[in-house]
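Shown below, as structure tokens, is a lone chain in the form predicted on its own; questions about how it binds or moves come after it.
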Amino acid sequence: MTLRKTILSGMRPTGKLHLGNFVGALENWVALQQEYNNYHLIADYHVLTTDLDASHITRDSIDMVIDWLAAGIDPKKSPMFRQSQVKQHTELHLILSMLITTARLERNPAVKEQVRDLNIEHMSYGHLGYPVLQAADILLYRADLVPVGEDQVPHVEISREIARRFNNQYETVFPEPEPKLTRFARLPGLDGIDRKMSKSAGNTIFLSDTPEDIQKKLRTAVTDPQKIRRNDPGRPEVCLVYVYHQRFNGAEAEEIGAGCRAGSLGCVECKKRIADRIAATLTPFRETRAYYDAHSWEIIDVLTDGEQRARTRAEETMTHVRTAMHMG
């Protein structure tokens, strides 16, 4: 009998999630739980690398878990848990931090990108080392695969390097985790095809948005700048609204692309059609969110159970680690 491989997936708790989160992660997580052992991490310690105000983290975590459940994550199959409530994360982080140099961390392109995007002048020790904490998150559950977007692949590579270094220094405890990319790893935001959908950019459609909200937001979406009037021939390949059609409108996308190129389909109608489609897709999300908003205690039960199961797996790993290091 073939053993199911283990996957570790996680997000920083930023509150309600958007379509980019669904396309880039959640949809994939739901599919993967059918054939893998999945652990879903709420990376609340990671929030502190860029924001020391922790007062909002609990509420944001609950909002995020509601969207995970609404997307179809089954807590019986896939434990959901807060990083801060599984103390083995910090123990393993300390040990792994001895196995990597600061020079290697400074070369991490993802950290460089954060410094640029967030305009950070003085990086904290914790921020520089957060890829090591991320490695601890992954290796603590002895994960074989990590579903990530392209921008997170360097973090998985650091995790592989650290696992290899530990296994060579002591004995083999950790598998070397592989990144698992999805076809639609990034979804453009409403402000352009080259802009990633993100809450900080204000260019999102939330999973909890009403059909009216979605229509209103889609009306502002950037389209082909050369298609000014309805009858002008368009270039769907440079239009983010067409990207949405490809992702959410299935077989109709080809017809919509042809109408755009021929000038028979105007941008107003094109936007309305995709808004209707997205709104229909998100109907179950809104219904599930309404249920959990009225039964919020069930979220606490989900987390309590997930955290206990995560601790069990984490302590098994740390027992192996301490034994390998002759510290147990």
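This structure is a prediction, so every number in the text was calculated from the model and none was measured. All residue numbers refer to positions in the sequence shown, first residue = 1.
Although not depicted, the form predicted together with a small molecule is the subject of the following passage.
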Residue contact check: residue 95 to the small molecule in the predicted complex, 4.5 Å heavy atom: no
The small molecule contact in the predicted complex: residue 196, any heavy atom under 4.5 Å: yes
Residue 87 within 4.5 Å of the small molecule in the predicted complex, heavy atoms: no
In the predicted complex, residue 18 touching the small molecule (heavy atom, 4.5 Å): yes
Contacting member of 176, 237, 254, 151, with respect to the small molecule in the predicted complex [4.5 Å, heavy atom]: 151
Residue among 107, 219, 186, 230 with a heavy atom within 4.5 Å of the small molecule in the predicted complex: 186
The small molecule in the predicted complex: contacting segment from 246-254, 99-107, 119-127, 142-150, heavy atom within 4.5 Å: 142-150
